[in-house]
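One chain is shown next in structure tokens, namely the form predicted on its own.
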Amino acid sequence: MSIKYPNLAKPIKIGNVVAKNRIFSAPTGLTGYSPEGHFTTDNRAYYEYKASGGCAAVCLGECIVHKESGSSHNIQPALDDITLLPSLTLVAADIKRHGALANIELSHGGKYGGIVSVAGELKEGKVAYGPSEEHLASGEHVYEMPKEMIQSLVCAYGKAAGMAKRAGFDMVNVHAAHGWLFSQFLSPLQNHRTDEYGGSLENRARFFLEALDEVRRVVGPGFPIEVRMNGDDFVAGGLHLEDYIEFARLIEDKVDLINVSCGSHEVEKLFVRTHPSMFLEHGCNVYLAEAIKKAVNVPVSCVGGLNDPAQCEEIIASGRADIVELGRALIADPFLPQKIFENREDEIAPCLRCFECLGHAVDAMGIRCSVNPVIGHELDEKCFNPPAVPKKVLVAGGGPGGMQAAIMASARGHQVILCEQSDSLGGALKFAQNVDFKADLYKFSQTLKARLMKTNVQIRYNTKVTPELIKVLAPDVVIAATGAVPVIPPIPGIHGPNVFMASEMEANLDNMTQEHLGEAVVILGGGLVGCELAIQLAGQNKSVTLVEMRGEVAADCNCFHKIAVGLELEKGVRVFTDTKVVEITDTGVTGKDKDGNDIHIPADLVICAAGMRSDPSFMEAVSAMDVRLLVIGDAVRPGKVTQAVFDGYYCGKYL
């Protein structure tokens, strides 16, 4: 079988080891370790699941070299704790049994080891040490790190690397990016020292260079050392690409691989660039790696919202980078490499770049993925027994939940019929093709369809499930994946000719002419649907106003996607919060602000995005019949695609 993407499949030598292909799993950490920061059985299953999909290396993210001073998150593995060694050794073995290299990121939070950070709230009694003394607006104080502490941490990096090698890891990744310790010392905005660790770039890099030398001394010649560095801080007065090119030249003779990222974890607008949001182009940070690769003689890897096989192949083939490192893409689908090399790319679940994984890590100290229900439950997948009695299953609805339920029920050995009342599958997701930044959401609907077509599920289009049809087919189980219907608030004028429901607009956006849209658009409802419609229409140069009754918009999405949405709204959407709409007329919208003042917003078109509600009519009709009824997705409670996919997966799995 010829390989469609041969350059991705080529092995590459890093130090004294050979990676089997050019797809690496970028460093990803967890927040749900044991209370001591040790790897649990579930943590091990997460990393093994990644390795089993065919990538060449799996990297454990943000493992701390000195627990007392450097923990940036609430719970992290501490490489200065000898009791971590048993579970660390098991993780390395779990990764390596699948032919992947076991890699580990050595990190230190710098000043964020003692002050509150995005995922680090437990800092009471901690002292913060950074390159220079500073007093923060939060009231927290950062002390200048003494030279004695710098030398102690240099030793800590060496000991941490020694621990990793002792545990069986094939390589180490020394973290010098994203606003953590070495990034702080490199930054002229944060490093104001007047000793040998401040001033020129060479001096600001001295701490890092000493740490690299100590790591090399401990692990020995040939053992692969990867460095994660920024290519641009994207902050005025910070380091930019030309500075990092010079920095890369300083370190190239000390390392075996340079991984180029950007930005900072602790600056909101930069977080969604470090981890590119759906509003940015795939591969938006690759140019940074490309520029650094031209300046050095060691292999260079790139990151930045990569998930398209063709794009990844082009990056390697054109010499822009030697390796692509995928983070969220290998959470969405760990088997992406295997599917690429087996020419099954139509089955790859794309990362939506929705930040569900990162947001859940902060909110619940766990991990999950909008398109992959297995994430966070990898251990459960080791047990998958066929049902004792195969059943006849009827699925009503061909949206993401219905397709996922049908796929899993078929995999379990059941006889499955899926009925879709329209002429195509995908439900609400098929309209995502009309929205620029939702291309991956549409692609996901096509992935589910491709997977479904490779099962023995019987699909019936233009078929509405009714009690009469159920009597004819006589299924053992009916799965209701019938979706939801729009909430229509009792506002005078809501049924006027200039008013569209958000679901109608999404379905017809591609066919709407400029004349239909007009120039001024008012969107009622500042939830995620309303915000994303506002961003799309503003991008078409419409004058868009978003009106929300609550005190904030995008309140129903995770903290990181909310940042990304807010940045996009700021570019061209007028937002009214704490505002109640009183009437819709043919000239616009009237309402009252939080102080009771009357307002009028002119509009050619009004879009109602007041939310969705489940429609109980189907369930009420079927519940009286002698058949087992299971209800999933929006038919239970309207929500994001995550819930529909999860419901469908586990409904089908446990039939």
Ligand SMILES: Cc1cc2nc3c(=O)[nH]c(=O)nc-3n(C[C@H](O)[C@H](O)[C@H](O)COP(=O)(O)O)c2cc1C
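Quick caveat: nothing in here was measured; it's all calculated off a predicted structure. Residue numbers here begin at 1 and follow the sequence given.
Another form exists, predicted together with this ligand; not displayed. Remarks below refer to it.
Mapping the unseen interface onto this chain, residue 170 falls outside it, with no heavy atom inside 4.5 Å of this ligand in the model of the complex. With a 4.5 Å cutoff on heavy atoms, residue 178 counts as touching this ligand in the model of the complex. Residue contact with this ligand in the model of the complex: residue 145 places no heavy atom within 4.5 Å of it. Taking the partner from elsewhere, residue 43 is found to have every heavy atom lying beyond 4.5 Å of this ligand in the model of the complex. A single residue from the set 27, 54, 591, 70 has any heavy atom within 4.5 angstroms of this ligand in the model of the complex; that residue is 27. Distance criterion of 4.5 Å from any heavy atom to this ligand in the model of the complex singles out 105 from the list 378, 322, 568, 105. Stretch-level contact check against this ligand in the model of the complex with heavy atoms at 4.5 Å: of 483-491, 302-310, 148-156, 192-200, the positive one is 302-310.
Residues of 345-383 that come within 4.5 Å of this ligand in the model of the complex, judged by any heavy atom, are 357, 358, 367 in sequence order.
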